[in-house]
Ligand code: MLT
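Have a look below at one chain only, the form predicted alone, in C-alpha cells format.
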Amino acid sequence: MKTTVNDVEIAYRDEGTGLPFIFLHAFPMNQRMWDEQLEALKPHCRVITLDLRGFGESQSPNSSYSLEDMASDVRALMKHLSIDRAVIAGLSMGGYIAMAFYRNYPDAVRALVLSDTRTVSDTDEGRSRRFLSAQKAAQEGPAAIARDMVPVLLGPTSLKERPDVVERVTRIAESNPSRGIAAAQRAMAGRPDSTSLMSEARIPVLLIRGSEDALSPPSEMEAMQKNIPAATLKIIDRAGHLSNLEQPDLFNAALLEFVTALN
C-alpha cells in the first residue's frame, strides 16, 4: 500500500489487529528486512512496516532532510491509519529515528524497541565517513554501498554459514535509490545526542543486540541499559548488526515476550 504524507509518497504494510507495532528499518535496507517479524507478530498485534523516505518503494525527495523529518513521516502515517499510540521499533538507523520520534511525539509512544543502535551522536570521524559514503552513493550507486556495508552489517557466523542471508541483504541494499542512501547518510551525520532524552524515558524499552555486532559495541548497549530507567537488554547469539535477519527466531521470541508483557 502507499499513501502521501508530508508531500512524500510512502509505501507501507499494515496487518493484524490489536496493539500497533511499527517497525523502522536499518540503513541501507528497506521494510523487507522485517518480513519474518511481520509474520511472527501479526497474530498477536497490529504490525506496520514502511519504506522510509528515500528507500524501497517510497519517494526520494530532491531536497535534503533530517531524521526528524523521517520521524514526522511516521507520525503522519499513524494519523492516516488512525493510530494514536504505538510501540516504535527501530534497528540501527531505525533506532535513531525511533528516538527522534520519541523526542518529538512522546505521547504517541507506548514503548520502544531499540536494536543494534546507539544514543550517542557521531564523532567528527564518523560524520566524515558518512559524508564520504553519501558522495560514493551518488557517484557509484547502491551496489557500491552494498559492497562496503554487507561485510560489516553481518556477523562472522552469517558471513561464513548463511549465504542466503548475505544474498538477501545485498539484494535489499542494492534495490534502494542512490539519492535516498546519500540523503540518509547526511541525515544520520546531523543527528543529536539522545542520551539525556532516553535517561528521562518512563516507558518500557527493549534493547536488542547481536552478540557479533561490530557496529554497536557491547559497552554502548550496556551503557544504554544502565541509562534508561525501564530498559531490558536481550543478546541475540550468533548475530551481527542485522540481528533480526540473522537469527529471526531468537529475535522474534524477544519481541513476543515484550508484547506479552505490554498486553
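Just count from 1 along the sequence shown to find any residue number. Fair warning: this is a prediction, and the values are worked out from it, not measured in the lab.
Absent from the display: the form predicted together with the ligand. The rest refers to it.
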Heavy atoms within 4.5 Å of the ligand in the predicted complex: which stretch among 41 to 49, 195 to 203, 217 to 225, 23 to 31? 23 to 31
Can you pick the one in 108, 188, 172, 78 that has a heavy atom within 4.5 Å of the ligand in the predicted complex? 188
Partner-contacting position among 100, 93, 74, 113 - heavy atom within 4.5 Å of the ligand in the predicted complex: 93
So, residue 118 and the ligand: in the predicted complex, are they within 4.5 Å at any heavy atom pair? yes
Classify residue 89 as contacting or not contacting the ligand in the predicted complex by the rule of any non-hydrogen atom within 4.5 angstroms, answering yes or no. no
Is residue 149 part of the interface with the ligand in the predicted complex - any heavy atom within 4.5 Å? yes
Any chance residue 154 has a heavy atom within 4.5 Å of the ligand in the predicted complex? no
